[in-house]
Ligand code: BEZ
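Listed next as structure tokens is one chain, alone, in the form predicted alone.
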Amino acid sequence: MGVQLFGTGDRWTRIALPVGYRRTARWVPRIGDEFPDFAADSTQGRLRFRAWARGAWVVFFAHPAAFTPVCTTEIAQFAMDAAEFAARGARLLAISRDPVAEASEWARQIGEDFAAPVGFPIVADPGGAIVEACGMIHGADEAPLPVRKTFVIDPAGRIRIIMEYPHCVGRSVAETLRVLDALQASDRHGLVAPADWRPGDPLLVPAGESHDHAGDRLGRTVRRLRGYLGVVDV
């Protein structure tokens, strides 16, 4: 693992990045990249990301700040849907630049107000090192607060989806569940998900695989709409 420094002023954090990401330009996480390891305090104690995430899907999401209206609704909705993520083998992890004490009190208030205990950790990153390293700080959007950025990370530690929302629009937790379902279905069957796919809908034969090969591999009938468009009920 390579080590890179992130931060400003006297607040610098060493974050271990895979050697392959050591470049002259600062690394920004992209789909397919291995997610970096980090250690930080959280509302559930000291957290070492790789050890905490090992073997699970992870939905890691940033929010701008505690005790703000839109962020409150997002944390509350994730808390209310926590069982849905757990049923898919996924762990939730939030991060902001708030100190642990503030994040903890805010989580307590959300649990009280929405009758949904916040059972997942909220990472405290007051220096902004982690959110900066993960490309969550956008200079054009009220820096230095993080935007609403979400990473869906697979059990192998690879980034599979990245979603970003501005400060003024709350993310869709339902869409986060949908894309997690789509990823898992795609991995399970070796197929790809069409636009607006939902569990129970047909999947598609990926580009580069023949319809005959896909049908033999799956033991299913492929409906050929075009030479490049094959539909499979799963």
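Note that residue numbering begins at 1 and tracks the sequence as displayed. Predicted model only: the values in this text are computed from it and were never measured.
Below, we turn to the form predicted together with this ligand, even though it does not appear here.
With the partner omitted from this view, the residue of 172, 68, 184, 44 that lies near this ligand in the model of the complex is 68 [heavy atom within 4.5 Å].
Contact with this ligand in the model of the complex, judged by any heavy atom within 4.5 Å, is made by just one of 50, 189, 167, 178: 167. Remark: all three candidate residues (64, 145 and 148) come within 4.5 Å of this ligand in the model of the complex, counting heavy atoms only. Contact with this ligand in the model of the complex, defined as any heavy atom within 4.5 Å, is confined among 91 to 99, 128 to 136, 114 to 122, 69 to 77 to 69 to 77.
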